[in-house]
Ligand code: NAD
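Quick setup: one chain, the form predicted on its own, written in structure tokens, and binding and motion questions come after.
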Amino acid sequence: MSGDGGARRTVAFIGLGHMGGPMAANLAGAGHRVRGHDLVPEALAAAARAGVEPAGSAAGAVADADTVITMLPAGRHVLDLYDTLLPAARPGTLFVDCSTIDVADARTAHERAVAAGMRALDAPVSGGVVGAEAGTLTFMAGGGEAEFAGAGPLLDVMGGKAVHCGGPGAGQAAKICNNMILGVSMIAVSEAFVLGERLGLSHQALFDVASTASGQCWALSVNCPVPGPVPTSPANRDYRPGFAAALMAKDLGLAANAVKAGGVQAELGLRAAELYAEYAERVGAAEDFSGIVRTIREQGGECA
């Protein structure tokens, strides 16, 4: 990926929260004209300080844009907003939805955009707030080859990698499959550390072995759930989130819905969804998803 941003674009960016705000700021910093809107005044003000032009409404933001990027909490928000945005946009505008939503909702959004004379791409991300701020996100894209190529210069600025996964909804499918792997692996890594504690292993000793052996995975080597071995992991910041427990619970819920609808035998994925739903009900967006290690430790009879 080039990262040079290509020709200057006029981009409408709707949803300027913890993820969308830094993504929009990176586009503005690369020289693109970015008009942003968010329902939270503080988010809009922060984006404005980073070079994003504030728009008084979502419809106003998209009126003269050639690309519209959305980063919203759920599918219903995307579909409701498209009812407002599609009539306000110019024909042929490229709509890129970076939200993580249900595959069916992504396909519906694509169909509505195309029916309105627009082009569309679903492009959810992986990498969390750190990746959004650093411009190192991974984009998983679903839609046509031409749309993927058209979005490429912008994805280059916001991310380190973009993968065209297939037709409409394929980006969302890849995202929920990836996060099912992540959720299950974080639980497994957390359980292993708690077991190691009971067996007298230090965190560092277990990390030194597993990180260079067959237990190596992202949940261990980058987002290690215990303090010490990986200084940059949330465990060393009292589990202040990079990727909040509530977001993991949401993504695993989407994966569980797809598992059930597809008749897939996925016991670990379904159980991970249950565990994260219970965990997120208590901590919400206040803790990183790796903080589930403390729940595992507590349920075993030893307080964190």
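One-based numbering along the sequence shown. These numbers were taken from a predicted model, which means no experiment stands behind them.
Just so it is clear, the following notes concern the form predicted in complex with nicotinamide-adenine-dinucleotide, a form of the same protein that is not shown.
In this form the binding site remains open, since nicotinamide-adenine-dinucleotide, overlaid from its pose in the model of the complex, puts no atom within 2.4 angstroms of a backbone or C-beta atom. None of 71-79, 183-191, 158-166, 226-234 except one has non-hydrogen atoms within 4.5 angstroms of nicotinamide-adenine-dinucleotide in the model of the complex; the exception is 71-79. Of the heavy atoms in residue 250, some are within 4.5 Å of nicotinamide-adenine-dinucleotide in the model of the complex.
nicotinamide-adenine-dinucleotide in the model of the complex comes within 4.5 Å of no heavy atom belonging to residue 291. By the criterion of a heavy atom within 4.5 Å, residue 125 is counted among the residues contacting nicotinamide-adenine-dinucleotide in the model of the complex.
The shortest heavy atom separation between residue 39 and nicotinamide-adenine-dinucleotide in the model of the complex is within 4.5 Å. Shown here without nicotinamide-adenine-dinucleotide, the chain has 99, 100 in 90-107 lying with a heavy atom within 4.5 Å of that partner in the model of the complex.
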